[in-house]
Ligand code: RVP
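Take a look at this single chain in structure tokens; it is the form predicted alone.
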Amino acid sequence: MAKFFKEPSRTFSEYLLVPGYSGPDCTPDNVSLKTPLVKFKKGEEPALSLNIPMVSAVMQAVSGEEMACALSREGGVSFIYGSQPIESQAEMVRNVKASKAGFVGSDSNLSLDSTLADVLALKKKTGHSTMAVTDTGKRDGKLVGLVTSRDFRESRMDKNTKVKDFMTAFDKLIVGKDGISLSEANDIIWEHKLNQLPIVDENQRLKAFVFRKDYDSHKENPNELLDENKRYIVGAGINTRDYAQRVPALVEAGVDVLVIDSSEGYSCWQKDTIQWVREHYGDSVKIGAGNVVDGDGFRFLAEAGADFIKVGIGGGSICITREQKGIGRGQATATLDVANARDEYFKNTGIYIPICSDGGIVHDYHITLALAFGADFVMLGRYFARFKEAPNKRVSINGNYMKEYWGEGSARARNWQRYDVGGEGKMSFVEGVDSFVPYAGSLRDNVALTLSKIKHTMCNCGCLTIPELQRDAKVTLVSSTSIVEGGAHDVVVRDENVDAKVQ
């Protein structure tokens, strides 16, 4: 007979945290959100940690180069999507690793044959007004000039004018040499009153830019997540089909951590993938696995050798796996069950394997609940898809800016490897939708607000670290009526755009 769970499958919206005692030192500025990313032995430090408990989802609409750099600056990690050719994914990783803190790779590039029309189109696409002109038109070509908004007047020039006729030529540029320190680059910028400093190697090939506008932001990034060479930490998604070709390419590109991107991870294919990585790279390559929703799935992947384990099936805003296949579990229940298995495994083996709650996060406070339920960090898709750094397009719908957001199991992405169960190499039916999310602006501002909410809530619970929250949090189940009570009710909320006349 089938096994029936006694407790119903619940979501984070069905719970609230109960306040604990807050002492005089329990203030948001004293809260640490540092958390392990990969497994470690009792008494040791993990090889990789996060400075904030947030990573971006392995999705076409979410995790590209710009997202990876922006999130690493804030202390998290982005997992570059794997539903693309191996070469292009490796190139994305390589470009992120080429961007040291303060040194930005050029994503707006022109050739000498480009025209003013190309300049305007590129500016509209990237939002950037500084464009490198290289001999190949690519980011790593020989730098021959620079185009900024001061080099042209759109209203007074023919759109077919060649870039070479109005750019600032290389011999008139002040540049920095490859290997220069960020401090030295900033000194040149301030001394010569520049807005940007191109960095070139001995062959005049463009390596990066340092921007004046980034000076203050880099001083204000205490959580920046960097490797020993001050390069951004970046992850990448892989599948259980072409890992023997994809993993070596990603490792060669400099990837810091991998994760098997699959809707359901309790399978022999995930075990085979992890074992292949261990046979060829030992423990030097870190690899997460998942997704699972119960203790059995956790123990299977733990024994297979996973460095961290993702939790959640069908809880994402664009995921329809539950209604298509009847597979899944409420995210709160799944996280708690897997966390209990993780703690038992740690008690028995002395090895702590971090778990990542993936999906089911609707409100910011759900992140704090996920941490209280035992998650070490959360993976977010819709949340990050709203930001300008995401690789998806911004569109206008009925006068409102939106960003496209589609699932990996949608007809648009057709990432069949993610839903592979050993059959034919194709997607039999969709498990995701194509949608829009409201545009929210920059990642930095939004993440800062979310982290502020998490820290304040932890202080209300009397906790200054994530392990303290996992140990001491008090959680209560709420009724449907108490959920209504928790929001504004029995009033007419004032609309700031409507004038109220006093009678």
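Remember, it's a predicted structure, so these values are computed and weren't measured experimentally. Numbers for residues come from their place in the sequence shown, where the first is 1.
Below, we turn to the form predicted together with ribavirin monophosphate (RVP), even though it does not appear here.
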Legend entry - N291: touches ribavirin monophosphate (RVP) in the model of the complex, heavy atom cutoff 4.5 angstroms: yes
Inset, instruction - Indicate whether ribavirin monophosphate (RVP) has at least one heavy atom within 4.5 Å of a heavy atom of L380 in the model of the complex. - result: yes
Inset, instruction - Could you confirm whether Y243 comes within 4.5 Å of ribavirin monophosphate (RVP) in the model of the complex, counting heavy atoms only? - result: no
Legend entry - is_contact(Y405, ribavirin monophosphate (RVP)) in the model of the complex, heavy atom dist at most 4.5 Å: yes
Inset, instruction - Find the only residue in N109, N392, S410, S99 having a heavy atom within 4.5 Å of ribavirin monophosphate (RVP) in the model of the complex. - result: S410
Legend entry - Sole residue of G235, G315, G265, P354 within 4.5 Å of ribavirin monophosphate (RVP) in the model of the complex, by heavy atom: G315
Inset, instruction - Would you point out which of 25-33, 54-62, 456-464, 438-446 contains residues with a non-hydrogen atom within 4.5 Å of ribavirin monophosphate (RVP) in the model of the complex? - result: 54-62
Legend entry - ribavirin monophosphate (RVP) in the model of the complex - contacting residues of 348-368, heavy atom within 4.5 Å: D358, G359, G360, I361
